[in-house]
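Only one chain is included here, represented as structure tokens and corresponding to the form predicted on its own.
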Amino acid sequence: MSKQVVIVGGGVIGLLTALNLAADVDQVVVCDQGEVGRESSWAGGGIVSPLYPWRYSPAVTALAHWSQDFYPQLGERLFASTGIDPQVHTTGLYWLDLDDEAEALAWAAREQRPLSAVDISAAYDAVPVLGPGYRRAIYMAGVANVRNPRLVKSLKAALLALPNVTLREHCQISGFLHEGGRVAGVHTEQGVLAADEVVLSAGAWSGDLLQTLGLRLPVEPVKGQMILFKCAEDFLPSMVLAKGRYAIPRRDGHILVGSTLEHAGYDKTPTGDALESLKASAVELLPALADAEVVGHWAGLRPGSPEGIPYIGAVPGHAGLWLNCGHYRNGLVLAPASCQLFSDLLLGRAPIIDPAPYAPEGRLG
């Protein structure tokens, strides 16, 4: 297909969109206001599941299931082509003392997902470092986590190896170029970038850019803070989640604990209060972390959206402009499916799933 595509935003959604389109269009340019992959895609935990999948709509579930099945081969493909391993690490996930355990189990039966109640003694046998006092557990086998900073590094490397893809970092977009009744590019600090199609995948900043067209996209920044411990490689064999906080083991013994949910605008400053709160949660969940070194503490901005349902598709009334944004807490989880669905729509192929729930039409103000 003879097309020039400009993608605004170089997080995992923008980068994977570019990778999916590159084989079928003439030229792809990815613009990011900073370094690609350094915002929420870098800052998140990388669990390849919504934290509480049964609490989401079927629209989120459909994307999540497709992505979960696809992630292992995506990781292998990127590792083979770039030498950078995204480390898709399958550990399973334990939820402890859930208030809505019955709903979770009913959802699993309905969706045919491998989630079941387990005796609490079995959870303690499987995760001996678990803190005392938990009474109930459910477990889903096969849940993986991806080492998201390495995922975006491998995506960047894969794109840099393609002759028809250009990454423009530190490239601020101020608005959209209109010609002949359609969006025909973007205005940047370095001049105009012309395009046949413009894709807005700018995470928490997507709403601000659409405002320049008089459109209201209900996507807003939601701050999340995380801490990172360094432990022995075999310290934590499975992901665990209780009281809204989770611990994620990486293959090399790093343990991620998160996260906060804060409405603080675009402020990404890590705070002492959050650090103490996360430490307390970490030690309650895994008491041995009291003696572990905190090797990192940071904050990122999620692209908050109503019900966490992303916007994927063409913007009505603005030919040439597309959205792939608003994934809220599940950008890394939903990225493979979202970007495949998006590519199907832009290229006119049969979509992998029903695109109707994600269509911007009727959802913009």
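Residue numbers run from 1 along the displayed sequence. Being a predicted model, the structure only gives us computed values, none of them experimental.
There is another form of the same protein, the form predicted together with a small molecule; it is not shown, and what comes next is about it.
(message) Residue-level question: is F235 within 4.5 Å of the small molecule in the predicted complex, judged on heavy atoms?
(response) Flag for F235 set to no.
(message) Although the partner isn't part of this model, could you tell me whether Q172 comes within 4.5 Å of the small molecule in the predicted complex, counting any heavy atom of the residue?
(response) It does: once the small molecule is placed as it appears in the predicted complex, Q172 has a heavy atom within 4.5 Å of it.
(message) Is it the case that W205, even though its partner is missing from this view, gets within 4.5 Å of the small molecule in the predicted complex, heavy atoms only?
(response) Because a heavy atom of W205 falls inside 4.5 Å of the small molecule in the predicted complex, the answer is yes.
(message) W54 versus the small molecule, in the predicted complex: is there a non-hydrogen atom within 4.5 Å?
(response) Contact with the small molecule, no.
(request) Counting only non-hydrogen atoms, choose the one of 128 to 136, 102 to 110, 218 to 226, 74 to 82 that falls within 4.5 Å of the small molecule in the predicted complex. (result) Result of the contact check: 218 to 226.
(message) I have G34, R302 and G331 flagged as a candidate spot, so tell me whether each of them has a non-hydrogen atom within 4.5 Å of the small molecule in the predicted complex.
(response) Yes, the whole trio is in contact, each within 4.5 Å by some heavy atom.
(request) Check each of A43, A59, V315, A337 and return the one that places a heavy atom within 4.5 angstroms of the small molecule in the predicted complex. (result) Result of the distance check: A43.
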